[in-house]
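In the block that follows, a single chain appears as C-alpha cells, in the form predicted alone.
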C-alpha cells in the first residue's frame, strides 16, 4: 500500500517537473505499453473494444478493490481509464469473482494477488514506480508479460550481462547513422548510458563482462570525461561502489540531457522498434530528458554546456527570477576637508571635485529595477565608523583611474618568500591596508601593507585609565608596545584553506581542514568564535559585502550561511554532487554563488535557501568565482584553464576566455567592471576586456529557453595583456579603490 501511495506522489511530481515528456505520453515504458504505443507488448493485443482478457480483467479488478478499500481514488480512476473498465462492468465482474472463485489468480484469492504485487515491488527500487499504473501492470502481468519483466530486470538484477554490449552497440550504430543535425544531440546519451551500464554490471558481480564492456566502449567517450573514466575503471567490485560517494550520487541522481523534440522522437521510435527495453529502462530511471521545441543544437553548442557530473542544468531552474541589481546606497554627505585642497590650491577646484562626488553618488542612488527590496533580508545598520569608511571610499573613488584597453592597470605583486609553511589562501582588506595568509601549518598570518603597524588593544586595567570622552580615544586604546608589521594567529588544527576580512576590518574569518570556521578579532588578535557545522575540511569562506553574514563550503558537499552572532548555520545550501570548493556573495548580499568539483556553479537565494541557477560548461573542478561590480555577470575559473562568463539574469553562458594553461585560482573585476583579471598556477596574470565581452553578446528569451548559445571564439581579441612572474603561482588578486591591481602568491623554487 505504501508503495502505491509513493507511486502516486511520484506521478504528481513528474507532472510538475517534466510536462514536456509527459505531454506526448512517454513518461515511462509501461505507460507507453498500456496506451498501445509499443507494438511488441501483449497488452496492446487487447480487443478493439478496449476490454482486456478475462483473466487479466479479474486481476485488474482485484487490484481495484484493494485500492478502493484504501481510498486511493486517483489511482482507481487512472487504472480504470487505462484498462477500459466501466464501473458497472467492474461491479458485475467483482460479484462473479466473489461468488464463483473466478477472482483467483494462479489459484489464490485477491489477497494472494496483492501479496505478489508487494513482493514484486520489493524487488524493484521505489523510484521505479513512476505511476501506480506502471507499478500494478508490471506486478499483475509478471508471469505472462515479457516486456514488463524486461523493464524490471535492470532493478531486480536479472538482466543478461552478455547482452549489454549488444544493446550499447545497437544504439551506437543507430546514432551514428542518423542525420548530422540529430547525431550531436543523441550522442549525449553515450556517456551516462555507458556509466550506468558499467555500474550495473559491477553491482551485479559480473566482473569479466564489466571489464570487457569498459575496454570496448570507454574510448568512445568525450575527452572531458577522461578523469571520471580513470576513477571508473578502478571500480571493479560491488564493494568498491560503497566507498565512492560521487559515483553513488551519479547512480541515484538524474543525469540531465537537453534534446530537441525531433531528436527525442527519433530515439524513442528506434528503441520501440528494436524492443531495446534495457536502454529505455536506464533512460527512464536515471536520465532526465529536457525536451525543447526548435532546431537541434550543434556539436559546439552542446560541448560548451557539457562536462559536469550531473549533465546540464534544468531549464526550469534557470527561469527563476533573480534580483541581480544593486541595493540603493545610503545617502552620506561628503565633507570637503583639507585633503581636497592638496590637489590644487585654487578655490574652484574643490567645487569641481564635489560635483564629481555628487555624480558618483547619484549614479548609485538611483533605484535599480532589478534590485531586491532594501529589507528583503535583514542587513546590519551602518555604524558611525562604517559611514566614515564610506566617505573615505567615495574620496578614493574620485582619484580612481578609468581602465580600458588603452589604459591598463599597474600590477603590484606580493611574493611570499621562504613560505615553507605552505601558503594556501590569501585575502586583502577592501582598503588594501591589510593582507592575510592561511598556511598548511594551521596558522593564519596578518601583515600590514602600509607604514601603519599592527597594534593590540590595551589591557583592561590600562583601558580604565583612559579618558573615554577624548577625541582620539580610538587611538589611545591601542598599545604601542605591541606594534609590529605582522601577527600570527594560532588555533586551527589543520591546514587553513580560506581567509576573509570583514568589510570594517575588525574581523577575519578562516576555514580549515579541521572542519571549523574561526572568527578572529583584529583588535586583540585572538579567536572569538569557532563555528562547527561542517564534518569535513572547509575549503573556502567569505564575508558578506555588508558584514555580519558569511558563507562557507567544504568537502561535505554543502555550503552553509552563517551570522557572526549565531553558532549554528542559518541556511544549508545542499545540491552539489561533490566538494564545494569556492564561495562568493553577490554584491547585493541576497545571493551566494558556489563552485564545486562536480564542475557546476550554483546560485543560491539567501532568503529561502533555494537554488535559482545552475551553470554547466566547465570541464574540471571550479576554484574561483567573481561577480561583476554591477551584479549582472559572474566569472568562473577552473582546472581546465578557461574563464567562463555568465549572464545571471538570463541564466546563460555568454563568453569563454581561453589562454591559461593551468588551474585558475583567482578572478577579480576592476572597480568599474571594465577589466577582468585572472591569476593562475601557470605563473601568469591575464587581463581581459570584460566590457567588450559583455557588450558583444545578445541574449533574449528564446536563447535562454532553447540553449542555442553562440560563443564567439575571440579570446585573443579580448586578451589585453599577459604578465609572467618568475616562478610564483598567482593565489589571489585584488583591485584597490584606485584600480591598482594587487597580486599575491608563494614563490615556488622548483
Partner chain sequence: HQSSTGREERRFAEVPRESIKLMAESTGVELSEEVAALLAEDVCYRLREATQNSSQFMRHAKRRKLSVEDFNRALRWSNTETVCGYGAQDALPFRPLKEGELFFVEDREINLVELALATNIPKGCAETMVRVHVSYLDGKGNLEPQGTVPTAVQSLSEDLLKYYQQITRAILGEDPHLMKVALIDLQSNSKIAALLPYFVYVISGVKSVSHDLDQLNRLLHMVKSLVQNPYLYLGSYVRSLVSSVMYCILEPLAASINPLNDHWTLRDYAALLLSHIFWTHGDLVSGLYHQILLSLQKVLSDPVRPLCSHYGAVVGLHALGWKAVERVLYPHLPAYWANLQAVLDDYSVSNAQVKADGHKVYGAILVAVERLLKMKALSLTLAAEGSSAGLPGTTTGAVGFRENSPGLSPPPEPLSEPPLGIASHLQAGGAGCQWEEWTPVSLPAMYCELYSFFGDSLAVRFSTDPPLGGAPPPGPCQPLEGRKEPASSAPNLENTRKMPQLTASMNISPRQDGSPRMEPQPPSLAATVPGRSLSRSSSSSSVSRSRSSSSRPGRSTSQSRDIFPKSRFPLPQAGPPAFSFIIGGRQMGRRCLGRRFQTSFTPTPPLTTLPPRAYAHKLPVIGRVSKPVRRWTCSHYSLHLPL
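A quick note: this is a predicted structure, and the numbers were derived from the prediction, not measured. Positions refer to the first chain, counted from 1.
Below, we refer to the form predicted in complex with its partner chain, which is not included among the displayed structures.
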All of 63, 260 and 268 within 4.5 Å of its partner chain in the predicted complex, heavy atom check: no
Sole residue of 250, 531, 665, 591 within 4.5 Å of its partner chain in the predicted complex, by heavy atom: 665
Residue (of 292, 414, 174, 546) lying close to its partner chain in the predicted complex, criterion heavy atoms within 4.5 Å: 414
Residue contact check: residue 569 to its partner chain in the predicted complex, 4.5 Å heavy atom: no
Contact test in the predicted complex: residue 375 vs its partner chain, heavy atoms, 4.5 Å: no
Its partner chain contact in the predicted complex: residue 581, any heavy atom under 4.5 Å: yes
Residue 539, heavy atom within 4.5 angstroms of its partner chain in the predicted complex: yes
Segment that reaches its partner chain in the predicted complex - one of 641-649, 204-212, 312-320, 189-197, heavy atoms within 4.5 Å: 204-212
Heavy atom contacts to its partner chain in the predicted complex at 4.5 Å, residues of 424-454 in sequence order: 424, 425, 432, 435, 439, 440, 445, 447, 448, 449, 450, 451
